[in-house]
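Take a look at this single chain, the form predicted alone, given in structure tokens.
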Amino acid sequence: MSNMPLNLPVRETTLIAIVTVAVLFIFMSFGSAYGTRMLVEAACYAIIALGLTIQWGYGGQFNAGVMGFVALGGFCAMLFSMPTNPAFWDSELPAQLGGVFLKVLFGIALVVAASQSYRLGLSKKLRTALTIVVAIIVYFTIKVNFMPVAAAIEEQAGYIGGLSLPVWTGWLAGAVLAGFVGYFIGHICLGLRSDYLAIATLGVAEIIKAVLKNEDWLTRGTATVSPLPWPVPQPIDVGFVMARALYLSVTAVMIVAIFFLLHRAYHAPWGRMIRAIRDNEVSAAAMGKNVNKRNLEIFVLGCFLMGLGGAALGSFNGIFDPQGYIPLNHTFLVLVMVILGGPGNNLGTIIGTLVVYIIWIMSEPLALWLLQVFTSIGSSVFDWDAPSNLSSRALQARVFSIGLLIALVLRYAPKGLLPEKVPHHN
């Protein structure tokens, strides 16, 4: 029997071994409950990061509004899984709210009809003016009808409550809603340059957050909604470690399925066409490829995964707080994960997510420990009075660590730890 060489990829194997040792160290130092929670949160972030690596790595689209799509996923997880609110459903408020929604649909139909008035022979300028006038009239008419209903809901029921459906329906709805919103944003913004696209998506994310924060009748606004149900038995039933381990198994299955589908798509003709458009859009268009349609597909698919990851993360946190969605945690942290792992490399994105999230959560206790050591030495040797807010100063070490990590990666590994491996065909 001949000895077959074992061709293991050295870099991938080394990185996986290092990450495994780091995870085992955290489990041994902080306990199984803490370590399992870290892995679940990292798994949710990995799904979000895979959505971003599709847009950025596959399609070259720089989306700086990840936070908005994550928030939409969390909102749907709350809306679909929370129990119904009897104070709302046992009153006349649902009928009044339904009447407003019918008026909204009628108003949309009027605006669409006005935009199609060119079929009656109207000029382009007159059609545009007519559409704007109709849209303004419809907006104020709906606003006047909706405000009393929203105020009555907040006064009598607090908010409309949930739909009491299985948790997975909320996750799926969050992904679909994020993809749906991404479709309209893509139609408007994908024609912009990459820097303008980043600014536009960042602004859209802030608009989504502002809407979720201020529509108290729908989300309770700053009052938050909790506890959100889990798709697996709760900690009170099976214990913290077992419940989190079951949750981790669900997210792990999702990552494996997404990884497999993305791997097949990347090596299929569709993936080659996407890379051709990314590398040379003019040449791809000259070859007869529909550049705008392919770019829109990439953008919508990425938003879909961001919404899915956001829904899973929102359910695990157990609370829906619109103010909790901040760009540092839900946009730039994901960007660093993709940058470190390697845009366009799915395995690199997952490894980068684990590395960055471990650094993110461990930088605070490590910085606090170092500050306490320096304080002890300073007090004993130099009779130094240390400041009392060491904990808050240690928290800032997170931001410093991420900033330092970005600088090091861009200096020494600009293509990430695992750069994209573009297959070549003869």
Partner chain sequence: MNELVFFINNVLISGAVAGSIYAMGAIGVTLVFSIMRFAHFAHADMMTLGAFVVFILTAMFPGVGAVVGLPTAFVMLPLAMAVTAVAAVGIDKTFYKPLREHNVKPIVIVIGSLGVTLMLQGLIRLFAGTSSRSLYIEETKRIFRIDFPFSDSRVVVTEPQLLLFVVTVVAVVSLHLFLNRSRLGKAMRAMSDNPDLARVSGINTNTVIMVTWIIAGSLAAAAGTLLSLDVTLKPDLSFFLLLPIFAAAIVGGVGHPYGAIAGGFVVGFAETLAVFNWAVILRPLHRAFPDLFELPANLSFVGTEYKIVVPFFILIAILVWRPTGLFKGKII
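Positions refer to the first chain, counted from 1. Just so we're on the same page, rigid core means the largest C-alpha set that superposes within 1.5 Å between forms. Because the structure is a prediction, the values reported are computed rather than measured.
The same protein also exists as the form predicted together with the partner chain; that form is not shown, yet it is the one meant from here on.
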| item | value |
| --- | --- |
| The partner chain contact in the predicted complex: Tyr357, any heavy atom under 4.5 Å | no |
| Contact test in the predicted complex: Phe382 vs the partner chain, heavy atoms, 4.5 Å | no |
| Ala17, heavy atom within 4.5 angstroms of the partner chain in the predicted complex | no |
| 4.5 angstroms heavy atom contact with the partner chain in the predicted complex for Ser194 | yes |
| In the predicted complex, the residue from Met254, Leu79, Ile185, Val232 that sits within 4.5 Å of the partner chain by heavy atoms | Ile185 |
| Interface residue in the predicted complex among Trp270, Phe259, Tyr139, Phe180, criterion: non-hydrogen atom within 4.5 angstroms of the partner chain | Tyr139 |
| Contact stretch among 117-125, 165-173, 87-95, 326-334 - heavy atom within 4.5 Å of the partner chain in the predicted complex | 326-334 |
| Partner contacts for 199-224, taking the partner chain in the predicted complex and a 4.5 Å heavy atom cut-off | Ile199, Ala200, Leu202, Gly203, Val204, Glu206, Ile207, Ala210, Val211, Asn214, Glu215 |
| After fitting the core, Leu371 CA displacement of 2 Å or more between the shown form and the other one | yes |
| Cα displacement of Ile406 between the shown form and the other one reaching 2 Å, rigid core superposed | yes |
| Cα displacement of Thr169 between the shown form and the other one reaching 2 Å, rigid core superposed | no |
